[in-house]
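In the form predicted alone, a lone chain appears below as structure tokens.
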């Protein structure tokens, strides 16, 4: 399913039956613009270039990241490397610039059209390679929302379609309207909701799974122990239930088998967490592309090296129970996630 790595570059895999060929690991760009504290933009630009040199070709953004600023930040990189990269963006989550903490969901066809035109303008490109519905509004039938997305493909504004945080049944319904190349879901040693129904449906339909937050928002790397005390006031992880207080203490103890595996491979905790996600491809016989986010070139090199680590059966057995023991939900409000609709 994957092509072998070339030297220091990562291997490649195809998204969907007829989707783009991308590196087996992508780059989540959200944190460049907000959510994880202050950003060194010059360093972030070097990180984008370093990722491409290592074979990372899937660059993931969304219209809500920085309320458009993330797409604008990526525009010069897109212009310089348009034929080398697969550009992914998303619509569907609505934020109010006057109240950035507010969230809504809009899958209305007219809104979709306005959203893609705005994203194309900010990104400085004529086409988005992979366009995701960021969240699904069950009140809008897929025939309407995915039908509107399919029109964008026919018009040449979008090349391939994706969905984020959907159930297996929802993927099947959408795929019946227009082929879906990839589905995005949080998938990590800490978060395995996707395995309830989505992963099986995706494997059956030939749809790739793009795993976001494969490092558990950084907690799996051991880079912080309690978001409430270790992270800056503007870091949104302080609001996520599993990363503070008693939940953080309980979840910190779950890292022991990750440390054990890391020692066996002379690797970092993050590399073991990513290697586990990469091996889901063989477990489920499908394309799986994790998209860890980082603003540091050194971290990209560390993360991509994880794609060459193979965990043995004993190590996988050590890691297997972790997700079932995690304390706390992924978000304070889980209503917009697939888990709430299973």
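Numbering follows the first chain given and starts at 1. Not measured: the values here are computed from a predicted model.
Note that the form predicted together with a small molecule isn't included here; everything after this is about it.
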Out of 307-315, 276-284, 50-58, 294-302, where are the residues with a heavy atom within 4.5 Å of the small molecule in the predicted complex?
294-302
Exactly one residue in 135, 160, 175, 242 has a non-hydrogen atom within 4.5 Å of the small molecule in the predicted complex; which is it?
135
With the small molecule left out of view, which of 251, 213, 119, 167 would have a heavy atom within 4.5 Å of it in the predicted complex?
213
Within 4.5 Å of the small molecule in the predicted complex, do we find a heavy atom from each of 142, 145 and 200?
no
Given that the small molecule is not shown alongside this chain, does residue 29 nevertheless sit within 4.5 Å of it in the predicted complex, heavy atom to heavy atom?
yes
Touches the small molecule in the predicted complex: residue 184 (any heavy atom, 4.5 Å):
yes
Using a 4.5 angstroms cut-off on non-hydrogen atoms, would residue 191 count as touching the small molecule in the predicted complex?
no
Since only the chain is shown here, I'm wondering whether residue 221 would be in contact with the small molecule in the predicted complex (any heavy atom pair within 4.5 Å).
yes
